[in-house]
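A single chain, nothing else alongside it, follows as structure tokens in the form predicted alone.
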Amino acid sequence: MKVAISASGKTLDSEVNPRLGRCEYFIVYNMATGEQSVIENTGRFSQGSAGIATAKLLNDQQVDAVITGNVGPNAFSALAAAGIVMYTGATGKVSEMVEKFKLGQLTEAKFPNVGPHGR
């Protein structure tokens, strides 16, 4: 299972970025192998619908789940349509979120937790 965590930097010590569509990077952690990689979030450069562009990027990378702070309605719909499971309300370091995921301490989001444009 590949899990993407929205991040402000490129390492597991980076802080979780609360923004899905406008975060700088995603740290992709393979739960089966422990391998990690970094994806630059090119969706953040979109003039509009950054969440949808980001959802497409994550789907193209064959991510199974995403951990972030906030997911708006458009991104939520796009991620759900792609079969990507979402965990919202994340804070702290990326490494802490990976450990919480491994321990089953995160709750799957059933709804967007912010309005359009992160409001």
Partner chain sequence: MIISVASGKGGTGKTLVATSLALSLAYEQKPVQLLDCDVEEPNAHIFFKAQPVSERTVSLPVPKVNYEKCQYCGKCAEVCQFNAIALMKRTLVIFPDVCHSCGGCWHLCPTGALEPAAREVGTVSVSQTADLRLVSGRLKLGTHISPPVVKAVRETAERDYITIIDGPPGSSCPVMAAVTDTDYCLLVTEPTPFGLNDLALAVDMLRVLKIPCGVVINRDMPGNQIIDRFCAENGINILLRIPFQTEIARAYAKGIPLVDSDKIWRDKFYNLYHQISGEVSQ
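Residue numbers count along the first chain shown, from 1. None of the values given here were measured: they were computed from a predicted structure.
Just so it is clear, the following notes concern the form predicted in complex with the partner chain, a form of the same protein that is not shown.
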property	result
Non-hydrogen atom within 4.5 Å of the partner chain in the model of the complex for each of A4, A7 and C23	no
Touches the partner chain in the model of the complex: V94 (any heavy atom, 4.5 Å)	no
is_contact(S37, the partner chain) in the model of the complex, heavy atom dist at most 4.5 Å	no
Contact label in the model of the complex: V28 to the partner chain, heavy atom within 4.5 Å	no
V71 within 4.5 Å of the partner chain in the model of the complex, heavy atoms	no
Neighbours of the partner chain in the model of the complex among 38-64 [non-hydrogen atom within 4.5 angstroms]	S46, G48, S49, I52, A53, A55, K56, N59, V63
